[in-house]
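The chain below stands alone and is given as structure tokens, in the form predicted alone.
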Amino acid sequence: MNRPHVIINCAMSADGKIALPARKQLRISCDEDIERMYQLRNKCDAVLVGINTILSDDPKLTVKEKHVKQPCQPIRVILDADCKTPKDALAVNQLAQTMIFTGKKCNKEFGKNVDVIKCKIDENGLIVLRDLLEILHKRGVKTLMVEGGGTVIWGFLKQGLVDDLFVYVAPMIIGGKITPTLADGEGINGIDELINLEIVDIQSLGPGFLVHYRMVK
């Protein structure tokens, strides 16, 4: 299939958590990792999150001039099967283009910079990622940065649609059986379904460290 180069970028605690047990956002990245994230985002054609990230964190998904001079704003991509994106969400403001992928007709009116695209839905009610990637490829997106949350990241990993994975590991423990992790979802059923990665690089970054993985295909 024709698709963009897919990069997953995330930050997690030492026990693999990416938010508080109540699913509220928590700053895990250090200043150095935030700087790195913005520089990476600036190099990508598009940045993608799921609707739960929009509803819980309300991110802008843009590049701040504080971190990158004369930034190139990526297209903001939202996976929103039921068209729940609020009309006043920061990710649909005028600072950049936005594409909302939904599974049904959306009667909401967004700004001219927002493109609502109807896409196929799988048996779990989620956007079919392969179709989404093909649409993005046709729209000229060569590099896609996936930022979460855990269910979205799991979907890309499980289907082998990831090229590079950057994980910042902070020296903290969050805990909790139901706390969101880097890869939520149903998990694998047996050892033959393991998702294998290779370590490309490990570097110290602030108080934690950054691991660059690549999928073994």
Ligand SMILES: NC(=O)c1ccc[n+]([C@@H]2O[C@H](COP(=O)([O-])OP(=O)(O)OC[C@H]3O[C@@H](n4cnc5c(N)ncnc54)[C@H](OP(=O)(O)O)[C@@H]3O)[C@@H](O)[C@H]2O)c1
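Numbering starts at 1 and follows the sequence shown. Model, not experiment: these values are computed from the prediction.
Below, we turn to the form predicted together with the named molecule, even though it does not appear here.
Asks: Would you please decide whether residue 79 lies within 4.5 angstroms of the named molecule in the predicted complex, comparing each non-hydrogen atom pair?
Replies: Close contact exists here: in the predicted complex, residue 79 approaches the named molecule to within 4.5 Å, heavy atoms only.
Asks: Looking at the partner-bound form in the predicted complex, is residue 144 within 4.5 Å of the named molecule by any heavy atom?
Replies: So residue 144 does not count as contacting the named molecule.
Asks: Though only this chain appears here, would residue 205 touch the named molecule in the predicted complex if you measure heavy atom gaps against 4.5 Å?
Replies: Although the named molecule is absent here, residue 205 would stay clear of it in the predicted complex, with no heavy atoms inside 4.5 Å.
Asks: Quick one: does residue 125 come within 4.5 Å of the named molecule in the predicted complex, counting heavy atoms only?
Replies: Residue 125: contacts the named molecule in the predicted complex.
Asks: Residues 60, 74 and 114 are flagged as a possible site; in the predicted complex, is every one of them within 4.5 Å of the named molecule by some non-hydrogen atom?
Replies: Negative, none of the three is within 4.5 Å.
Asks: Go through 118, 84, 108, 137 and name the one with a heavy atom inside 4.5 Å of the named molecule in the predicted complex.
Replies: Only one listed residue qualifies here, and that residue is 84.
Asks: Where, within 137 to 161, is there a heavy atom within 4.5 Å of the named molecule in the predicted complex? Residue list please.
Replies: Counting only heavy atoms within 4.5 Å of the named molecule in the predicted complex, the contacting residues of 137 to 161 are 147, 148, 149, 150, 151, 152.
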